[in-house]
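The chain below stands alone and is given in structure tokens; this is the form predicted alone.
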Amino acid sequence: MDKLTPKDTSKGAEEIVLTQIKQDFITPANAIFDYVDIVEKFLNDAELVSDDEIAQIKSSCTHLIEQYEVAFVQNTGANAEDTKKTPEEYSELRHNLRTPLNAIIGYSEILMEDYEDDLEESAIEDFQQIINLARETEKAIEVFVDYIRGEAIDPNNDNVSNQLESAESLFKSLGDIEYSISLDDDIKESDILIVDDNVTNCEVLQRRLSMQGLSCRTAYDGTTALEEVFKKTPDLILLDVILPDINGLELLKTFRKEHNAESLPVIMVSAFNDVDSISKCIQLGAQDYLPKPINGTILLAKVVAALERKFWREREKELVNELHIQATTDQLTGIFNRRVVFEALDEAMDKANESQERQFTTIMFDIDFFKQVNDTYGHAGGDAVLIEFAKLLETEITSPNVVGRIGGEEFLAILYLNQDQAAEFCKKLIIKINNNTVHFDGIDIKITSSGGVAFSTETETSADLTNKADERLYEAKKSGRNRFKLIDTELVGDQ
């Protein structure tokens, strides 16, 4: 297969290649800064003087990147000069770009030699890494200059020719892919707050998003944005960094005091498209970042992605909550189930053993003659009685007290009351049960209940406590039902 040259490359593939060529330069060049910061810390910790050399390396790296950016703009894309440069001019460009690299390498080698005996091996390795990155950057410069020259590429040199072939193949593949961004019904009509002091920017964003079925509000300053969020929390905020009263970063910090990133995603929008600005926004809790001028396709893609993440997080929370409810509640009555009540009982007993001030009362009770209810009114009637009885208990026994259904028509309550308080509570509860009527299928059903009452001061184990309550429940039923049996007292309902 014949190798491609830049002249044979389609425009779309050329853009891909140029992006990769620039990336291959920028990546090692920026990494030099990172390693310089690391070795500078090593030198400072070791109290070694190196301010001049480190400053020279940083300055050279800055100069190198600035020179490259200018050369890239002048020699690629729509800004490329029509007049072809002479070989001497290309040589001069290559020389100018290499010059800062010579300083970076030279000063790094000087520092390595000067402090070889004073630094740890890891610090020397970091200096060597700076030199390696400079060499890698030098190769990227060669590729860049070779490409913009537009000369036929040596078939034996794969540096650029393979990139051209890969880019051409990628560009053709992209053309074959049908791609469009669509909104699921779940996120359509989501509420978007656009915060930007430029009216035109707001109108354009609002127009683009509204066309996709999203509902948009606008705020032209930070104060109005705060008011809008207070009135109704939006599903997403597009927040400009520069505003007339409160800058976008301060506004973002204010939002995060009340809303986390999951409940209120924020996409920052700004003409500042540098790494520091973007990282600062992300650190402060922004979901994403959009540089100006805004590309409509990227805007919609990021908005849809943010809204979908929010929707699925909320859906996940709902499912977790549903699973929690299923695991902790009795499916028929909706009050706590057996597992929750007995876990609460064990915890209450542990605390009571630790402190006498944590004494509590346990009541085990059931519905009298419940089998007759089922036989007379059917299981549907029995279920109606259980549900109504559970509602009454839940109304009378509130947090921090606990009540739950532990099986069939049996219930267990944990009440943080002493013996006198428990006796008074049981008197009132019997009256309420006797006065309660269950309405089922046009029929009024009256029920009573029997209970056994035990106290944490009687024992040190929850198992023994429930046994005592169960024994007293049996005594109450044996004595005629519709009564609660305490240690030496029996509270009887209306006969």
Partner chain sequence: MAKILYVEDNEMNRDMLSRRLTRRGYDIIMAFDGQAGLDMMRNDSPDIVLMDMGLPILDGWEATIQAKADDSINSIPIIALTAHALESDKQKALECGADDFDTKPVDFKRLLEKIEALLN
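Owing to the predicted nature of the structure, the values given are computational and were not obtained by experimental measurement. Residue numbers count along the first chain shown, from 1. Between two forms, the rigid core is defined as the largest C-alpha subset superposing within 1.5 Å.
What follows is about the form predicted in complex with its partner chain, which we do not show.
- Look at 314-322, 198-206, 362-370, 107-115: in the predicted complex, residues with non-hydrogen atoms within 4.5 angstroms of its partner chain sit in 107-115.
- Each of Ser91, Arg98 and Leu101 is positioned with at least one heavy atom within 4.5 Å of its partner chain in the predicted complex.
- Residue contact with its partner chain in the predicted complex: Glu308 places no heavy atom within 4.5 Å of it.
- In the predicted complex, its partner chain sits within 4.5 Å of a heavy atom belonging to Ser59.
- The shortest heavy atom separation between Glu409 and its partner chain in the predicted complex exceeds 4.5 Å.
- With a 4.5 Å cutoff on heavy atoms, Arg149 counts as touching its partner chain in the predicted complex.
- In summary, among the residues Glu460, Asp37, Asp441, Asp52, the only one with a non-hydrogen atom within 4.5 Å of its partner chain in the predicted complex is Asp52.
- When you look in the predicted complex, the only residue of Asp383, Glu138, Asp330, Asp191 with a non-hydrogen atom within 4.5 Å of its partner chain is Glu138.
- A displacement of 2 angstroms or greater separates the C-alpha positions of Glu136 between the shown form and the other one, with the rigid core held in common.
- Ile110: CA moves 2 Å or more between the shown form and the other one after rigid-core fitting.
- Put the two forms on the same core and the Cα of Val145 is off by 2 Å or more between the shown form and the other one.
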